[in-house]
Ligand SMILES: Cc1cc2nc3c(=O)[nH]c(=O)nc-3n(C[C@H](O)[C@H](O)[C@H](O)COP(=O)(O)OP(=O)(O)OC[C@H]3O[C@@H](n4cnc5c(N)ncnc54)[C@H](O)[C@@H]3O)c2cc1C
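For reference, the chain that follows is the form predicted on its own, supplied as structure tokens.
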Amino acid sequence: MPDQQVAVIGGGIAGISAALELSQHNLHIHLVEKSPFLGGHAIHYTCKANGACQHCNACLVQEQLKKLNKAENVHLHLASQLQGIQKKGDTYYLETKQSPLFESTKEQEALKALANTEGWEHLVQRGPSRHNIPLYTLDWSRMEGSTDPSVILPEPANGLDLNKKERSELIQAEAVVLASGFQPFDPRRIGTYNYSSLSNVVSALEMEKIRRTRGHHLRPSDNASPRRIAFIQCVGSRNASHGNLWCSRVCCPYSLRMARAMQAEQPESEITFFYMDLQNCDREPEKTLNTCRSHFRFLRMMPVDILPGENDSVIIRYMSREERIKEDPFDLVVLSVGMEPGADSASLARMFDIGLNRHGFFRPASEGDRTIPPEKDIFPAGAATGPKNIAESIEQAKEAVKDLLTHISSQEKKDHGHERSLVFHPSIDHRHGMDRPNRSP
């Protein structure tokens, strides 16, 4: 295979895994990620082991990222927004715009010092993993609120050039892996849960970040260890009123592992699950559920609403089996939010001229009824194609790479004399909201 170039759109676990798999071949790989840090949502997940491995696979994300840092033929384009696409013949030209990064040793030291300076730490973002390179960056959204940041920043930041500008790049690729990921359901859309107003009602991803930064599960209002904890399943999934009729698949095993880890940290905690039914619970579902039922309380019903209680507690109102409204107080409520199509999926589908399924996810290229013709040169992977856990995202990324390599090999045998006309899809700024995904089959 000649020294060709391919692009991977998205730097979550699927994009990282695809780039790693491609790096084993004689290719130049361009990994484009809109965030300053690789890892996507999964990089925030914490290990759930409580004396024994719980197969949460959070460690796989760290391992894959560490390996990627050593791949010399993978070129990273961080903090880069895809602006437009041109195609000439069999080659894509991806137009990107990159926000300023501070990658030099001197700049990283200045950012680290600024992050440790009281009153200024909010201007610095730190990568969620020690394997993130670079590890620090400026939070430009907060910088824009400063009247004259080049003057008011303290001594530690003097080594930073705040006049850096965005940089445009043109990336060439013979094929593309589309691993743009998913977005978590926004629980603010369920007004009766009062997620916006009650500080001790958090999403599962927020609880992961608390555990990662604090080393323990704590409730946000006072950083105290909660004793009475409730998990609410299927938040935003299997819900016709929100247009999400699918099961997000990962929420049940994910929440059960988190609950077991919490109880291992604090054995006296009392944990309650509100649920419709429990799906995909583990490799041995019956054994796992029997174990969990001996430790947790399970109520097969969804709450009516969530209200404020005394001393920052939270009251969950629900219908009892006797069809009466009951109220139970909790110190902390964790919402197991579902997985939705990525915020960029609809615009990426238009830019690459490919379809979405009826739910708004990309169709995997490796499905039996191949709905994306191979001549498209686009190979969707990971949770961009529908709800998947970490291990499944890694495996599907490998399948997408196999399809891509097969396609490139077949293209080598063709006569490249005929070229298609130049096509340009206008720029789209992914930072300022997206249209609703295309729901047509």
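No experiment lies behind these values; they were computed from the predicted model shown. A residue's number is simply how far along the shown sequence it sits, counting from 1.
Keep in mind the form predicted in complex with this ligand is missing from the figure; the text below concerns it.
**Student:** Within 4.5 Å of this ligand in the model of the complex, heavy atoms considered, which of L65, I378, V401, V32?
**Tutor:** Of L65, I378, V401, V32, the residue with a heavy atom within 4.5 Å of this ligand in the model of the complex is V32.
**Student:** Does the 4.5 Å heavy atom contact test between A204 and this ligand in the model of the complex come out positive?
**Tutor:** Within the cut-off, so yes.
**Student:** Is C56 close enough to this ligand in the model of the complex to count, meaning some heavy atom within 4.5 Å?
**Tutor:** It does: once this ligand is placed as it appears in the model of the complex, C56 has a heavy atom within 4.5 Å of it.
**Student:** Heavy atom to heavy atom, is D344 within 4.5 Å of this ligand in the model of the complex?
**Tutor:** Yes, D344 lies within 4.5 Å of this ligand in the model of the complex.
**Student:** Indicate whether H407 is a 4.5 Å heavy atom neighbour of this ligand in the model of the complex.
**Tutor:** So H407 does not count as contacting this ligand.
**Student:** Of the listed stretches (126-134, 108-116, 318-326, 172-180), which one has a non-hydrogen atom within 4.5 Å of this ligand in the model of the complex?
**Tutor:** The contacting stretch here is 172-180.
**Student:** Taking this ligand as it sits in the model of the complex, which residues of 337-355 have a non-hydrogen atom within 4.5 Å of it? Please list them.
**Tutor:** V337, M339, D344, L348 sit within 4.5 Å of the partner.
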